[in-house]
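Coming up is one lone chain in structure tokens, specifically the form predicted on its own.
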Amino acid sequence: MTLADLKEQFGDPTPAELQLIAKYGELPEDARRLRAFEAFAKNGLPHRRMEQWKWTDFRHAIHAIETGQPRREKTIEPSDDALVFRFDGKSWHVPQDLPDGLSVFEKSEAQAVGNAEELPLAALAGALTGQSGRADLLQVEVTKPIKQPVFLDFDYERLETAFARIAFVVRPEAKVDVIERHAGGAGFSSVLVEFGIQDGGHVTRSLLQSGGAEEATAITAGVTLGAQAVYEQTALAFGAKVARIETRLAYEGEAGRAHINAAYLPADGYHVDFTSHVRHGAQSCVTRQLTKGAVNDGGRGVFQGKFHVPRSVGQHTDADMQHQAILLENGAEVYAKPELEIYADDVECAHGNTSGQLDETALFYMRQRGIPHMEARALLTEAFIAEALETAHPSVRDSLLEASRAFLRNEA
């Protein structure tokens, strides 16, 4: 298919979409790459007329892709024993000495993307990675419990675009802790992280996202769980001009468990979207999801969560979804859409959604005892946010709390 044919699929492509078409044209021809790019081209950059993107309009935010801003100060660092995988926006840099039970395979060709039509920016990442002679697509196989955390450092420096893909295959009874730092630095970036967790496998994932006020970023996770597999995710996001952290999780074996926790703290001009979809495709699976946010004047927070429980295979599901947000100032915006789609009849499923302001009585009480207003507000908000970060990996939990603390005190 020629570039002219691709342009026709977009209809009336924006300058940013024309740039992405040109980048696709620079890559080796590959049938799987073409299918992924066609899935993206079906609607182009996500926009408000798409139901799942109505509050996170990438097309409007990215008129043309510009060079990214200098990165913010990094707020989490790898521990001394961490295995650091660094992606510089073009290729992966992998540690030379890997422990027994951890293998890395560099892919130089595109790979198929599951649910590509439903995940346009993940499809775009799949289409624009896998380049001949350059390791920008990795597969990591875990065959036993790994004591050292795997630290994924997405480290860009004044780039227009950055696209990355990494897939973890976690064998039965294996365990790995994954920590991600997304610090911005590219005008437009899309990262796809995949976890195939087989029977009895265990993955913990801790993530920090920050970016520039003129940047757009998407971080998509695709997770499948076998029987009695466990997945624990904790994310803290400060956002960008537009930022979306999306998790697609599917149970494929009985008695799987997942915790999906998140906190968002967008300032003026920043946007954070946490979207998740959990399919309970096996019996007796347990999901717990907690998302908390605190938004300043001019900031926007979005939460979209959905539990899908099929009629027969989803029996005995136990799932709970909670979203709680604080609007710290007038002009803050929060949009929330929790959903339960249940067809099975023997389940326990619940969801809750609240938004409001800080307790004025508590603020008054603290100020009466000599605590300045901004400090009192920060203390109350920190206590509110902290619950969602308790499940983070111990090596970065304090750093995530410190990052949120600095933001709330206007120190970041």
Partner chain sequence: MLKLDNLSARVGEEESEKTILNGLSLEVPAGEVHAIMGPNGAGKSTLAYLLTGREGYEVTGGTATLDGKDLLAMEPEDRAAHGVFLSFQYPVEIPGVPVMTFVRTAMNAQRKARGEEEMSAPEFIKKAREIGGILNIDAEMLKRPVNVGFSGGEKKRLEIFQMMMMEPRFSILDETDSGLDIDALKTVANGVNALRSPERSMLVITHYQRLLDHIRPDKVHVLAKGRIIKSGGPELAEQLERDGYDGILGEVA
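Computed from a predicted structure; not experimentally measured. Residue numbers count along the first chain shown, from 1.
One more form of this protein should be noted, the form predicted together with its partner chain, which is absent from this view; the next part is about it.
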Heavy atom of Tyr365 within 4.5 Å of its partner chain in the predicted complex:
yes
Is there any non-hydrogen atom of Thr354 lying within 4.5 Å of its partner chain in the predicted complex?
no
Please check if Ile371 has a heavy atom lying within 4.5 Å of any heavy atom of its partner chain in the predicted complex.
yes
Glu375 versus its partner chain, in the predicted complex: is there a non-hydrogen atom within 4.5 Å?
yes
Spot the stretch among 379 to 387, 27 to 35, 346 to 354, 43 to 51 with residues whose non-hydrogen atoms come within 4.5 Å of its partner chain in the predicted complex.
379 to 387
